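What follows is one chain in C-alpha cells, specifically the form predicted alone.
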Amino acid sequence: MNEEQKRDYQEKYRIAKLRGEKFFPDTIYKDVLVSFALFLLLIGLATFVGVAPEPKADPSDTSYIPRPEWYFLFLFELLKFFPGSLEWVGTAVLPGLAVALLFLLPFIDRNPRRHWKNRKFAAGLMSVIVIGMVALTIRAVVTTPPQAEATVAGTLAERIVAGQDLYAVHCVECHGAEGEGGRIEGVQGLEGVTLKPINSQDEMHTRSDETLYAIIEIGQQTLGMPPFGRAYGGELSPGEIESIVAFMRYTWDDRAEMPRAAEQASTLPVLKPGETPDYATHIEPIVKRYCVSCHRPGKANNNYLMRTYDEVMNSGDHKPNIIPGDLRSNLVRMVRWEKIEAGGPMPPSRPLKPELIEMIEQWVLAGAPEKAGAPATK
C-alpha cells in the first residue's frame, strides 16, 4: 500500500468517525429488530411447517436412508465421489484442507484493497466454491431416494392405541387378548404350556417400563419367549416396543390413568338397537384383537388369514369360511367353540364374550357387509 492509498483510507476513516453511530441505542436497536424478526420467523416455521415426525432411532433398521440436515447435504453428496477405501479423503482430507485454508487466509491474501471489484480472483474463487456447494446440495436432493413414510405415534393416546394393535398381532396367541395367560394352543414349541397372567397388579407393580421393554426386546428364552427387538432377530422397532409397553401400563396398571382418547379408541364397539353390523365398524376391531395374532402369514392356521376384509371372506384351505346369511359358516361355528374340519374352537384359549359372538352372527345374517350402508355380500 503506497502513501496515497494510506492517506485516502485515513480520510475516509476520519469522516466515518465524525458521522459516527452510537453502539447504544443505535446498533443495539438494529440488533433487537433483526433478532425479533428471526424469532417470529422461527415461531412461524414451528407453527405452520413443523418437523416431520420420524420413528425412534434404530441402528438395526436397514431400510432407513441416512440424510443429514440440508446445510450438510453438499458434504454428504461429496462422499459419493470417494467410495470405499477413498472415503477418508472426502470425510477428513478435503474438509481439513478447507478449514486450514480459512486459518491461513490472512497470511495468504495480502491484498490491501477490500472492494470486491478489486479482488476478482478471490471473488471468483469464492463464487466457484458457493456454486459447487449449491450444485452438490441440489444433486443430493435429486439423487437420494425418499425415505418411506412411517406412521409415528406422537401422543400418549396414539402410542397406547398403536401398542394395542401390535400386542394383538405379536402377543395374543400366547398371553391372551386381555393378558390373562392360560394354556397355549397351536403355538409350535409351546403347545400345552400354561402361562401366568401378565395383566395382574403383581406383574404391573413390580416391573418398570424399562423392564417390560427389555423382556419384549430381548425375550425370555429359557421360558420359551423369543426376542422381538430387531437388534436380536425380531421384527419390532424400539418405537413399536415402547408402544406395547405403554398399552400394557395404561391398560392393566391401576396406578396409570388411561387417556380418554385412547380409552375410546380401545373400546370394542357396541351394537345399538336396530343397527346393522358391518365389518369396518364392528367386526374388524374384534378380529384385530382376538384373531390376527394367529391368522397371519407364517402361522399354523390352515392358510386362513384375517388381516383384511378380503382375507376374512376369501382365504383359507376350507374357504369360504363365511357364507353370507348362513350361520353354519365355518367362522361362526368356530367362535361358538365347535370343533369342525376347518379348525378347532376359536380363540383357542377361551371363548369370546357372548355379545361379541352375537355381533358376528348378526353380521353374517346381514350379508357380511364390508362398510356401513354397503350392500350385502353375495
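Numbers for residues come from their place in the sequence shown, where the first is 1. This is a predicted model, so every value here is computed, not measured.
Omitted from view is the form predicted in complex with a small molecule, to which the following refers.
Q: What is the one choice in Cys174, Leu73, Ala162, Ala246 with a heavy atom within 4.5 Å of the small molecule in the predicted bound form?
A: Looking at the other structure, the residue within range turns out to be Cys174.
Q: By the heavy atom within 4.5 Å rule, which residue out of Glu203, Glu180, Glu275, Glu158 makes contact with the small molecule in the predicted bound form?
A: It is Glu203.
Q: Applying a 4.5 Å heavy atom distance criterion, does Ala300 contact the small molecule in the predicted bound form?
A: So Ala300 counts as contacting the small molecule.
Q: Quick one: is Arg119 in contact with the small molecule in the predicted bound form, heavy atoms, 4.5 Å cut-off?
A: Judged by the heavy-atom cut-off of 4.5 Å, Arg119 is well away from the small molecule in the predicted bound form.
Q: At 4.5 Å between heavy atoms, is Leu190 in contact with the small molecule in the predicted bound form?
A: Yes, contact at 4.5 Å.
Q: Would Thr143 sit within 4.5 Å of the small molecule in the predicted bound form, counting heavy atoms only?
A: No, no contact at 4.5 Å.
Q: Taking the partner as it appears in the predicted bound form, which of 264-272, 134-142, 92-100, 182-190 has residues with heavy atoms within 4.5 Å of the small molecule?
A: Looking at the other structure, the answer is 182-190.
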